[in-house]
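Single chain ahead, by itself, as structure tokens, in the form predicted alone.
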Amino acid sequence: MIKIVQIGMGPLGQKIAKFISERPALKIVGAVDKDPEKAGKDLGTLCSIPVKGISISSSLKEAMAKEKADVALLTTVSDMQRITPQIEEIVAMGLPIVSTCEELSFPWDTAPELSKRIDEASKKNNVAVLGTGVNPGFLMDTLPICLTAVCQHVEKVKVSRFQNAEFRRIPFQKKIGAGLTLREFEEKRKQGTLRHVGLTESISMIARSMGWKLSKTEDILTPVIAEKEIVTSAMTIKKGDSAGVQQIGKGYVDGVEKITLAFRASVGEPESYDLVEIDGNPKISSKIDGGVNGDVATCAITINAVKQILTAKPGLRTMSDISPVSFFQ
């Protein structure tokens, strides 16, 4: 049985704890959250799961006082600047990590110094660290990389992820700017707080796997404008306001666009799907009608990766470094 400590008890952390409770091969032995409103609460009560005797701790040291975990699942922040000291503290206790931090999915090009810090700390403590999720982590990077395995030649990779955000968690809807006026959307875009994090990391991961040296990348962000008033249980979006975000990531090799990632998430999006198109020999087009539910998939892949991280070579790893991840009971 694999023993897990869950660090970060927000919506994703709570769903992960629920998923762990449904797997016979897994056991949650501790939970951590620095939020004073959560610390001290009963884990089973907070997550509505049949787990007894575990209170949410305010520190990892406190959580590990009764029973040591085999691996830590880290669902706290999205950026390398804030996640790095958290990771250093965790690996110092000898725990490998699977994290949902988007920038951690492939940080070598975007945050080389912080990547080196994490890599060195992990190797020093003989554990591995992995950033993963549905996107980045699988749909727009690992999946297209795997699909090129049958290609003799690849000219271009294009991935499109369109989703109706009405069925996603409220923090995600806010993150994509749903309900904002266009002026508010533009202000948040300039602040860098609105964008979907991970397109550049996915582009870098694909490029490295293809052996392509990127000459430049682009990340173009625009609002999806509501054509009519949209009313949901969580919000009312006026006609002309932002219903979500469209973000296009592009990777160039010697001035030629080789990688295109199109991400569009909005409340009321008419069709949800995930589409991978490989321009090569042979040409490949693979579409998932209805798309993949991001919240379920992110929690599932985080859990499913624990077996791989326990046997991975020490250091900072990406999904393209470890053995294939799959569901296990």
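Quick note: we count residues from 1 along the sequence shown, nothing fancier. Nothing here was measured: the structure is a model prediction, and the numbers come from that model.
From this point on, the text means the form predicted in complex with a further copy of the same chain, which you will not see here.
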Indicate whether a further copy of the same chain has at least one heavy atom within 4.5 Å of a heavy atom of residue 236 in the model of the complex.
no
With the partner left out of view, is residue 138 within 4.5 angstroms of a further copy of the same chain in the model of the complex by any non-hydrogen atom?
yes
Close approach of residue 262 to a further copy of the same chain in the model of the complex, 4.5 Å, heavy atom:
no
Is residue 58 near a further copy of the same chain? Define near as a heavy atom within 4.5 Å, in the model of the complex.
no
Looking at 87 to 95, 177 to 185, 70 to 78, 130 to 138, which one sits within 4.5 Å of a further copy of the same chain in the model of the complex if you count heavy atoms only?
130 to 138
Taking a further copy of the same chain in the model of the complex as the reference, which of 217, 246, 148, 125 has a non-hydrogen atom within 4.5 Å?
148
With the partner omitted here, the residue among 300, 54, 64, 46 that in the model of the complex has a heavy atom within 4.5 Å of a further copy of the same chain is 300
Residues from 309 to 329 in contact with a further copy of the same chain (non-hydrogen atom within 4.5 Å) in the model of the complex:
319, 320, 321, 322, 323, 324, 325, 326, 327, 328, 329
